[in-house]
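Okay, so here's just one chain, in C-alpha cells, the form predicted alone.
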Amino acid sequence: MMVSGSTRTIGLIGNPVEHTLSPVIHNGISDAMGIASVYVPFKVDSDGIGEAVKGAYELNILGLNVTVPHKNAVMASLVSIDEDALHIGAVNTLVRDEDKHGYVGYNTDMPGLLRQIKEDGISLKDRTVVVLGAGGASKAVVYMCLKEGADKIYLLNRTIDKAKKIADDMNEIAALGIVKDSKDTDASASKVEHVEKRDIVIPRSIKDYNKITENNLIVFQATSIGLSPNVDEVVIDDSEFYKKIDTGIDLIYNPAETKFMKLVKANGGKAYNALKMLLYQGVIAYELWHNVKVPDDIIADIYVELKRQVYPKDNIVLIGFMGSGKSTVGKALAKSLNMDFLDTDEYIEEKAGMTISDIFEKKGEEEFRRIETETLCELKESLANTIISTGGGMPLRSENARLLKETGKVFYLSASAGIIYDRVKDDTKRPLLMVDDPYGKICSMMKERKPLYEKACDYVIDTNSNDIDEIIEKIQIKVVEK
C-alpha cells in the first residue's frame, strides 16, 4: 500500500481497538480497487469522544467506524443521523459531509446482517422470530425484523425489563407507521431464568416457555454467551426449544460454530454465524465513504482473508505448474516438519477409481475441474497439519484459489519453462502435453497461468535449482513468519 499526499484516511474509533478485523476489510478493498485510502484504528476514551470527532473532521478524515463503547455516545457529536440509526439508537459509521461541516451517522450493522441472511436464502416476511438477549444488538435485530415484515417477535432475556423496553419502543415505532409495512407486527417479551456459573450468567430455562407454540422459528442469538473462549456456554440448553427452530443465526463469529449453532443443527435446523455480517457492514460503510460499488469478486476475496484471520489453518498448500516439484518438495517437507502429506491428484484418482488421464478422456477437463472444487470443499474442512500438493490447474478457478487459501498457507513453486520441459518431457501421464510441440504448449500455458498462480499464493518459491534442502529451508522460513 503506497501512501501519498492524496491518500485519504478512514478508520475506527473505540476502546479497545487492538483486536479489530476492520483493516483487513477496508485496506483489502482499497488495494484491490486501487483507491488511495488507508484504514487506521484509533483508541478513544469515553470522555474524549466529542473532541475526537471534531478533531477527525479538522484532520480531513474521510470517514470513521465506531465500535464499543461509543455507538450511542457519538450521536451527540454528529451534524445529522440517518433515520434507521436514529430508531436503533446506535451509530457505527460516520460519513463526512462538507456542506454541514461534520459527520453524518449511519448504522451499517443491520443492513450488513440483512444482506447476509438474504444471501443465505432467509426471509423474515411473515415469520415468527425469537431474539435472545436485550442489548443494543437485540434492539437493532428487532428493528430489522420489523422493517422486513416479521409476523411476531419474541424477546427472551434474563431481565424482563430490558426486553420489555425494546418491545415497547419498537411497537411504538410500528404503531406510528415509521417503519413501512410493520403496523401489524407484534413484539412481545419473555423472561429467561438463569443461574450463576464462573461469574457468567448462564440461562437454563424460559419462564412461560409454552407461550411460544409456533414451530419453524427464526432465532437470533444476540448475546455474548458462547463467545470464545467460553465455547461451551449457551443461553438456552433445552432440546424442546431447539426442535422448534428452522434457522438460527448467532451474532457471534468466533468460534465458527457456537454451541447454540450445534444445538440448532443437532435438532434438524440450519445455523449460521455472523462473520459475513462483519464483512458486509464494512463493505456498506466503505461504499458510503467512497461513493463506489465494491465488486462481488473482491468481496469474496476479502471474506476469505477474514476467515483466515479468525479461523487459521496449519496446513501448507503447494501450487504450481506440472513439474515444478510439488510432490517431491511436499513429501520432503512433510518429513522435515513431521506433517502428513496429501497429493490431490492421487486423492481424486483413488476416489474416482480411475486415473486423471481417464477422467480427462471420458468426462472432459471441465468435469475434472469440478471434481477438484468438490475435493477442496471436502479437504479444507477435514485436513490439519498436512502438506498438500495440488494439480497444476487447480488454482486457475477463482473459486478454487479461494478454497486453497482457506485450507492453509499457499506457496507457488516457480520454475522456468525450460526446466519444466526437462522434468516432464518423458512423462506420458500428462494429458495436456499429448501434443506435437509440448515445449511450446508449456510456454503458452505458463504465460497464461503465471499471473493466476501469483494471485492465488501467499509466497513464491523458486525451484529452478533442484536443491530440495534449499527449497525446504525457504518454505520453512516463510511458515514461521508472522
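Since we're looking at a predicted model, the values are computed, not measured. Residue positions are given as counts along the sequence shown, with the first one as 1.
Not pictured, yet referred to below: the form predicted in complex with a small molecule.
Only one of I316, V142, A134, V219 comes within 4.5 Å of the small molecule in the predicted bound form through a heavy atom, and that residue is A134. The contact residue chosen from I225, V104, A150, I173 relative to the small molecule in the predicted bound form is I225, the criterion being a non-hydrogen atom within 4.5 angstroms. The candidate spot formed by V283, R308 and L404 lies out of contact with the small molecule in the predicted bound form, as no residue has a heavy atom within 4.5 Å of it. Within this chain, L383 is remote from the site of the small molecule in the predicted bound form, having no heavy atom within 4.5 Å.
Put simply, S389 is far from the small molecule in the predicted bound form: not one heavy atom of it is within 4.5 Å.
In the predicted bound form, the small molecule stays beyond 4.5 Å of every heavy atom belonging to K331.
Interface residue remark: I302 is not counted as part of the site for the small molecule in the predicted bound form, having no heavy atom within 4.5 Å. Exactly one of the stretches 362-370, 154-162, 335-343, 82-90 approaches the small molecule in the predicted bound form with heavy atoms within 4.5 Å, and it is 154-162.
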